[in-house]
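To begin, one chain is listed below as structure tokens, in the form predicted alone.
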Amino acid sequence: MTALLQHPGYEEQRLQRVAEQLPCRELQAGTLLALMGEPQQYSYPSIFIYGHRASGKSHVMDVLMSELELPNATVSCVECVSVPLLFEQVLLSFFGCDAASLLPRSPSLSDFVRIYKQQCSQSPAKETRYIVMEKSELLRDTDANLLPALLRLQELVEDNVTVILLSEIVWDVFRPNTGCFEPLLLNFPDYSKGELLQILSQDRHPSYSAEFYLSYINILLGVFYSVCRDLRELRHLAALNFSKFCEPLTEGKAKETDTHKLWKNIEPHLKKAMQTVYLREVSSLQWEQMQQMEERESGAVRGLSAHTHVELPYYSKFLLIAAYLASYNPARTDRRFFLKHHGKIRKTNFLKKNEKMSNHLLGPKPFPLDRLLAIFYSVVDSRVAPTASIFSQISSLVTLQLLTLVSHDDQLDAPKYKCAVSMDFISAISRTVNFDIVKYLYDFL
């Protein structure tokens, strides 16, 4: 698709190398080259490029700057935690260490402009200089005059310089309230499913055919595309689960054409990986080790990802245990299980005539917050003060969908919850904290 990257100011071979490194982004790269113009020409003062995460913004800029050998200063607004670091990085990239050392200890914008103009008079630009600002939405939290100055820096320093802002938010949200010079806008849309298939299929393993890896990527996108369009996350998931997809081949149980058998083998692992999309709480090596550990565990724990109970905080585990007990034990039995001097109480005293079915068959029942905390303080080993941390961990369990908030919006003073985990899940959680939950369940008396 080099026709989209034809430009009179650059060699055709260089444009060919650029196109090879930018699959499915030739159109955006061609538009950007047209806005930038020829190297010796004055470019537009500022360009604003926006699009969702992992839509190719930084990659396109890196390839253009490196392959076309354009003078540039690429600045990450995450790494440059202060404005002086930003000024130093720009001067260092364009004029060297001597220019950066001229900055005072706490430089202002006028200091930066003055030193930049001095250096320009000594070494004027032979072609356009580019300042690429990654994660530029963070500039909104800096001094009010910085962003407007960067957008018209070409006018302030009287140099052939263009500022390119890369952002994940649209310009209408980005624009300062005080008004500023309007940059040229360029949108990078999300990759379509076909484009993701084309890009991810280029990462195929050399030991397997292109058709085999393409079928794997098709299966992966069929599972994850509805919830994740992030190229980097999908690439991570593809590398993480490919060994499981190839497992029947290495064991000699299937061939590359046995798509149904391969799908049946990889399906449960992809469902587990669905729970960790975007979280990245463990590395690829740790994930593989935990998968192997799960396979060695008993059948009762096999349905539970080891990642789930390893990563929960200590008190969150006891909160989840308390929530399970509150959901599956009748409230009148709390005295029997959690009060030390309750006397002898037989189970028949609790049992009503119509209470013949197991609570686990009936499903979890809602419980108020005060009952959850009362059980929690009874089962936890050490004394825990009712701090805000405990309440925030309850909110985290709701966010993780391990607890469900069932009270109405108007019941602000007495929220009610239900436990949303299975018996196998809570048994595995209990073992990690050496808590025998069966002794505290009414159904197992």
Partner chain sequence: MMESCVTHAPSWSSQQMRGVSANQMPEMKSSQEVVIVIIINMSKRKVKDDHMPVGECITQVQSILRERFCHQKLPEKPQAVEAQHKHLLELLKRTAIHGESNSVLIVGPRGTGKTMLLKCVLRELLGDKEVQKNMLEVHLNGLLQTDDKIALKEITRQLHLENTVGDKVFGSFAENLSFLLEALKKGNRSSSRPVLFVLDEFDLFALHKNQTLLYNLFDVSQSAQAPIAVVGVTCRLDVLELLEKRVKSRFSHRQIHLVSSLTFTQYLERVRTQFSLPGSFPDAKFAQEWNASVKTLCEDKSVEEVLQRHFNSSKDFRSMHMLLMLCLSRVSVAKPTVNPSDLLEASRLCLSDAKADMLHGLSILELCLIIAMKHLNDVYEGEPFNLQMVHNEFKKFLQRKSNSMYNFEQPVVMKAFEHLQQLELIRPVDASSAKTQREYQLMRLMLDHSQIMEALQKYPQCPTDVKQWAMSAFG
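Note that the rigid core is defined as the largest set of C-alphas that superpose within 1.5 Å between two forms. Small disclaimer: the values here were computed from a predicted structure and weren't measured. Positions refer to the first chain, counted from 1.
Beyond the structure shown, there is the form predicted together with its partner chain, which is absent from this document and is the topic of what follows.
- Listed stretches are 251-259, 330-338, 175-183, 119-127; the contact stretch with its partner chain in the predicted bound form is 175-183, by a heavy atom cutoff of 4.5 Å.
- With the partner omitted here, the residue from A99, L156, L214, I199 that has a non-hydrogen atom within 4.5 angstroms of its partner chain in the predicted bound form is L156.
- Using a 4.5 angstroms threshold between heavy atoms, E247 stays clear of its partner chain in the predicted bound form.
- Using a 4.5 angstroms limit between non-hydrogen atoms, T404 touches its partner chain in the predicted bound form.
- The closest non-hydrogen atom of P71 lies beyond 4.5 Å of its partner chain in the predicted bound form.
- Shown alone here, L109 lies within 4.5 Å of its partner chain in the predicted bound form, counting heavy atoms only.
- If you take 119-153 and check each residue for a heavy atom within 4.5 Å of its partner chain in the predicted bound form, you get R140, N145, P148, A149, R152, in sequence order.
- With the core held fixed between the shown form and the other one, F425 has its Cα displaced by at least 2 Å.
- When the rigid core is held fixed, the Cα atom of A323 travels 2 angstroms or more between the shown form and the other one.
- Q401 shows a C-alpha shift of 2 Å or greater between the shown form and the other one [criterion: core-superposed Cα displacement of 2 Å].
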